[in-house]
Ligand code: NOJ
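The form predicted alone is given below as one chain in structure tokens.
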């Protein structure tokens, strides 16, 4: 068994609805995935993470599940899933499923029976009576909606939903609910999947009594469910299921996560999780969430990168990402659409030489960018819709509300993948379920394949370089130019070998000089996003990146 295989690979995330339509109905599906498996393998990744494929009414596009053990008919069925799984394994690709167990859909059989008082489902969810006078059970706030309690006429009670009202929270304190989770895990593990990504997993344990929260800065009530009192007990229960299968792994996702807290989950032989997705490095241009916009702050980004690299070194393992289904496109945020390819390559260098397992998101490898749509009715994201309603309640003009939503909405990462310059970006021969970004004639996989200097080929080169590289896997991390608002510079060193990464996050000239301890060393240029004719001390061009290798000490004579 090799329980730590995930340390030597990279993953590719598929948000299935927008990846590739294989049957012509305008919706991405498993037939489209099957068709593109060789392409995914060609990137140099060793695994796929599927966003939810399960049956869902799509209040939150798959993160509201109504049947955990069946495939959404829009995406296919278990037969085509098994074909995808078998072909992926034949190509050397692991397959990881999303496990969403903090909440289900209101259409799930459990919820429908629970609201009707049918045993044993009555206590599967978190129901509470109204307070005297008809008030809500407590004063908590919702994450997706301003309220997190919804009255249900059938039950005659309120149910808790930390996210949308279509996503009622499960009562994980009920052992029958935990047994259901075990059953779901076994269903997919027996089918051959290689592990799980556990959605908002640190929210599954709530403080007994669900007390009111006093005045807080941030979301009211979160301290009573973020890493709650029995979280480690429950995660260990699920870990024991995983360990009954060879070579499986689990990565968690946790809002409001810090490196210190993460170590409670990912450190040691008895760890709950193998890795943890956090959000701190996604807050360099906002306050906590993308809708609270702020100017991009490179120092804040570097602080997040370095804190996680240092804190987890030798104790845990980092999950590395810059894009996924929950965030707008990174070039449009931290890079530059004007210098799209250059900044895309720079961002790849900034991330991929850090220690951890990289997760690429569909379209990231070709430099897809944000979409801007004229009206709120054009957007599908339930969060964007709720933010717009809040803006209207605050009497913001429509122009101001849309200016807030366009750069922040998750819909920008959910536009169909641009495969070619054909109609609809080659995503479908039918009518796409959502808008295709109008830059698809220039930005697409076919064009990137034909251009040897493309971002796509650059990602392939970096991922090949990472594979089996002991310095990247095991090396120490040291940041330089900490106070610079233009440059991100770090080294990785291990067993006499070193890697120097220099990244400019601006289109303005940025002067770089070698740190004193590296001066005089022979530097070998491995990667750059511009032609290079000078040495390792230079004035960086817009969004320039360079990666050098060097020896940290003289090798012993044989």
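All values derive from a computational prediction rather than experimental measurement. Residue numbers count along the first chain shown, from 1.
As for the form predicted in complex with the named molecule, it is not shown, yet the points below apply to it.
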Flag residue 414 as yes or no: does it have a non-hydrogen atom within 4.5 angstroms of any non-hydrogen atom of the named molecule in the predicted complex? yes
Contact with the named molecule in the predicted complex for residue 272, defined as at least one heavy atom pair within 4.5 Å: yes or no? no
Wondering, does residue 345 line up within 4.5 Å of the named molecule in the predicted complex on heavy atoms? no
Taking any heavy atom pair closer than or equal to 4.5 Å as contact, tell me whether residue 167 reaches the named molecule in the predicted complex. yes
Please name which of the stretches 297-305, 83-91, 461-469, 195-203 has residues with heavy atoms lying within 4.5 Å of the named molecule in the predicted complex. 195-203
So which of 145, 253, 290, 323 gets a non-hydrogen atom within 4.5 Å of the named molecule in the predicted complex? 253
Looking at 163, 434, 249, 238 here, can you tell me which has any non-hydrogen atom within 4.5 angstroms of the named molecule in the predicted complex? 163
Residue by residue through 41-70, tell me which have a non-hydrogen atom within 4.5 angstroms of the named molecule in the predicted complex. 60, 63
